[in-house]
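One chain follows as structure tokens, the form predicted on its own.
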């Protein structure tokens, strides 16, 4: 049985959603952050030394990193679904976006979150951070102009990986700032598999 090790207030939703789209059985093992430090409990480190979520365990192997987990699930269980064929024209774009979500897009969003906790001490960094957020979210919004998904005409693992970026864009910038990203977030949240993932392991 596939296990998803899920930490509250983390990005594990993408993995449970991907599993629901694939129609695979899985168990969710939930961990709660320490209310004082906001860190993961030591028990999560027993699964992987970094103590980060999501973690996936399957067939005696342990996987970290959302992009790598999605790639593994689609290669093992996708049967050609949710990704272009390796010789397809759009395959390189798919791989690029699968890694871009965490490799580049999330950095300014995380900096906004952490630097915001510094109060006035972080003020000098705000213009650069906001500029980078506008740069990345603006590009993603333009990439969705006239299309429902980022790669091809249907949902792929790249869309699943980018979903958190789209969802947080509306939270940080407002629903009107990046209308294509907002519409994308609404579209994916309405999918039955996404709704099942929400019902299974919470918001």
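Remember, predicted model here, so these are calculated numbers, not experimental data. Positions refer to the first chain, counted from 1.
Note that the form predicted together with a small molecule isn't included here; everything after this is about it.
Partner contact region in the predicted complex: 44 to 52, out of 22 to 30, 144 to 152, 44 to 52, 172 to 180, criterion any non-hydrogen atom within 4.5 Å of the small molecule. At a distance of at most 4.5 angstroms from the small molecule in the predicted complex, all three residues 10, 65 and 102 contribute at least one non-hydrogen atom.
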